[in-house]
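The chain below stands alone and is given in structure tokens; this is the form predicted alone.
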Amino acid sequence: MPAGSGFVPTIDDGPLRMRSVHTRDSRELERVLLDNRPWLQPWEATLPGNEGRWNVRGAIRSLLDQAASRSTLPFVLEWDGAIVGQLTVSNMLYGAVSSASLGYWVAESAAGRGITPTAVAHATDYCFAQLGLHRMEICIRPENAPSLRVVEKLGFRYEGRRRRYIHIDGDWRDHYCFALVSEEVPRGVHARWRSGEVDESVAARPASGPFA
């Protein structure tokens, strides 16, 4: 169950804890990111023309400012008390749109433990059930097989290919777009997944054609 104070909840599921990022996490996050450069760099967002060093503390402050305006949920992911990744719900819009986007990364040592699908499911459930959002979107590079497996496991629907959509690893990259709306998961994303009721075929991408 979600706990904690403020806009960003704390969510526990066995050894996994999702909690708000804090500025005091900057040194540990930078260490994990540096240790996992070969694993993460192909999927990291970059700024066109900017080759400068990371400013992890500045990025955290920006995320916390966005959380204060209720437009972002910036989680760190802990496994047995150690930081192993981040998950961020961003572009949160309310009213007639009521939608958000979700992105994440995990350390290579944490892969294969079900951390990412568990965290994505809980974050989406929180946004639907507690914040009243209607739609969650995840955009993934076609080459990112582990992330594509996450949306398959959770039953996010494939909605098309966005050409040169996000600047990743030094260039503009195509992304596949997947989404869920709240009425598709009346019992929740996590409960549907754990009960084995997910239709993974909805995440299938066309083999050819204008949207492949």
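Because the structure is predicted, anything quoted here is derived from the model rather than measured. In case it trips you up, residue 1 is the first one in the sequence shown, and so on.
Another form, the form predicted in complex with a small molecule, is not on view; read the next lines as being about it.
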query	finding
In the model of the complex, segment of 59 to 67, 179 to 187, 157 to 165, 33 to 41 with a heavy atom within 4.5 Å of the small molecule	33 to 41
Every residue of W105, P117 and C139 near the small molecule in the model of the complex, heavy atom within 4.5 Å	yes
Partner proximity in the model of the complex: L29 to the small molecule, non-hydrogen atom cutoff 4.5 Å	no
Contact flag, K153 vs the small molecule in the model of the complex, heavy atom cut 4.5 Å	yes
The small molecule contact at G132 in the model of the complex, heavy atom, 4.5 Å	no
4.5 Å heavy atom contact, V97 to the small molecule in the model of the complex	no
